[in-house]
Every structure is written in structure tokens, then in C-alpha cells.
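Take a look at this single chain, the form predicted on its own, given in C-alpha cells.
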Amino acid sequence: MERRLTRKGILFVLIGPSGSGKSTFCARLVKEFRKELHYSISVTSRAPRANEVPGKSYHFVSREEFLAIRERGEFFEWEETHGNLYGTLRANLENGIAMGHDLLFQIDIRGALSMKRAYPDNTVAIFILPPSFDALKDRVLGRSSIEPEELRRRFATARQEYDALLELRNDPGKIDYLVLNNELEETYDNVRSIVVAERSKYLRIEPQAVSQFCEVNDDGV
């Protein structure tokens, strides 16, 4: 029987304003670490976009269904962003940690801090920072045509994310990594390195799994 190092699952949380590159990095990480890292599928009340697949991109439900799930206490956290409801199922987190499955999340900084409080030893928070506001604006506008009101909402959300990040400067342990997304490939390599390193942290490995590799048989010496 093959021996291996076992541990609890890790909750990798990518944070950053719209246009920071979170979606791109999540897609590449899941593709590269197909067997080891799984994208956590959130529940949302908004309609699917053209390139989104129900049950893979999000669990799409009506607003009434979302509120019913919330009332049953099944969400670890939920929020309303730009008029739409988003929620993370508590069972997804707890099952992933218990079974040693690493999960990947795209949530706002408030949700990330909630995870840090609830699962401090299992949550890794990575803030993706665009090189400038002008670069962020160019990336958002370059995606597709966006209504002015929607654009203002996204920039207001970005401002809130930045304010929260700056407030945490003297509160170590809340945001684990700050990665500047100046050049896509270099940034992805940095994020990928974080995932690899965190999976090998000694504190995460179960003691009995380490013990099996530390047996010394000196018979016949």
C-alpha cells in the first residue's frame, strides 16, 4: 500500500477588485491542479451569463430559493453585490476540510475574513492587486460594454476592498499574501507557488502521517 502524507483540506481564497485577474488565475489553477484543487461553487440569485454553466460556474437559483436556503442556516456567509445575492454553503467548507480536499474561492474581503475567523488553520487569503487604478479601469472596460451605473458600482466596491486592505496593515494573519498583478504569467507563477508551498506546510500534515516516514530499523547494524 502506498504511503503518503495526509492533511486537512485548505481553503484558498482569492480576493481583489473586479478586473484584478482572480477569475483567470482560478481557472488556470483548477486546470493545472485538476485532481488536487477544486473550485468551490457558490450559490447566486443572478441569471447565468453567456459563458457560464449551471452547477459548474454557480448554482443558479431564484431570489426566493436563495432566501429559503439562508433561512435554513445553510450558508457560511452570504452577501448582496450589485443587486444580486451570493452565498457559500457551509457544508462545502466543512466537508472539504475533513476529507483533505483543497478548495478555491473568489469572494470579497469580508467573506475571506469570516473564513479566517472560523477556520484560521485552513484558510489562505491571497489579495490580487492591480498595478494601478488606471490599469484596473482599462481591464474592466476592455472586457465588454458596461453600463455607467454598473461601472460606478464596481469602482465603489474596489474602493471598499482597498480601504479594508489598508486597515488590516497592522493586523497580521488576516491577509496572508499580497500579489501584484503587473504581468499575467509572472503573477500566475507567484500564485501557483503559494498553493504549492501551503500544501506542504509542516503544520498542516497529520502527525500520524509523518510518523510512518520516520521509522528507523537498525536491525542487523
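Heads up: residue numbers just count along the shown sequence, starting at 1. What you are looking at is a predicted structure, and each value in this text was computed from that prediction instead of being measured.
What comes next is about the form predicted together with a small molecule, which does not appear here.
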| property | result |
| --- | --- |
| Candidate spot Pro17, Gln106 and Arg139, all three touching the small molecule in the model of the complex (heavy atom, 4.5 Å) | yes |
| Of Val196, Leu184, Val53, Ala68, the one that lies within 4.5 Å of the small molecule in the model of the complex (heavy atoms) | Leu184 |
| Partner proximity in the model of the complex: Gly21 to the small molecule, non-hydrogen atom cutoff 4.5 Å | yes |
